[in-house]
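What follows is a single chain, given as structure tokens, in the form predicted alone.
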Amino acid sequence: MGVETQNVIRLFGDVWITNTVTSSWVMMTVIVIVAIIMVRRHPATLYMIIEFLTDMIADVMGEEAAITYFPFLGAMAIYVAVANSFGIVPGVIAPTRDLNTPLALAIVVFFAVHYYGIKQKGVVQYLKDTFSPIYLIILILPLEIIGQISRTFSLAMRLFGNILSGELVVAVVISLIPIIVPLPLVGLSMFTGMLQAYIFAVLATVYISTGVQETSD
């Protein structure tokens, strides 16, 4: 808790790799290792996680679509959930505490929406559905651009703000009160991180569902 973003590895000139990036590398390695262990020793637990994520996606998009989009949305949900809670490790910064990480995730969702929409419908039909009715495109285009940008920024800021505020509260309490007392707050911070990961994944699912949804002419 309380670790600040710092430059740790210099590539060239003023280009640095921050501790947020190295934390993400370590975290992803941990996720892969834990996944391998779960496949070999605790497959039932892994199945429960997969089933929960699949049901979450299916509630928004339907069961058939859940299977199609699970690899992307499931990986996104797991990454965000672990990233949000990774800051409880002493000396490690939660990747999502750095605005660059939530913003990068939101941008990935932004492009995924259009990628899956075009893949599902084709370029022409996707553009027709996005700017329908087409004869009002002059009015709709600016509003659509503003809407796309604002929801992407909102997705990033919601995640960043909640994780940062949670960590700051815990850090302040730990600095004022003996270590045993703030432990419930650490648990609350982890719960908040999981909840924010769920919200982020659901919103990403809703956005993709909107992009691939067939609309009548």
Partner chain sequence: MGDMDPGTLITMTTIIISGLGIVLGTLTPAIVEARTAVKAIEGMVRQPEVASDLRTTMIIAMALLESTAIYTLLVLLILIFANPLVARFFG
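Source: prediction; values computed, not measured. Numbering follows the first chain given and starts at 1.
The following text describes the form predicted in complex with its partner chain, which does not appear among the structures shown.
Asker: Do S165 and its partner chain share at least one heavy atom pair within 4.5 Å in the predicted bound form?
Answerer: Contact with its partner chain, yes.
Asker: Does its partner chain come within 4.5 Å of any heavy atom of Q196 in the predicted bound form?
Answerer: Taking the distances in the predicted bound form, the answer for Q196 is yes, it comes within 4.5 Å of its partner chain.
Asker: Does G187 reach its partner chain in the predicted bound form, with heavy atoms at most 4.5 Å apart?
Answerer: G187: no, not in contact with its partner chain in the predicted bound form.
Asker: Even though the partner isn't displayed, in the predicted bound form is Y69 close enough to its partner chain, meaning a heavy atom within 4.5 Å?
Answerer: The answer is no: Y69 has no heavy atom within 4.5 Å of its partner chain.
Asker: Pick the stretch from 157 to 165, 61 to 69, 31 to 39, 46 to 54 whose residues have a heavy atom within 4.5 Å of its partner chain in the predicted bound form.
Answerer: After filtering at 4.5 Å, what remains is 157 to 165.
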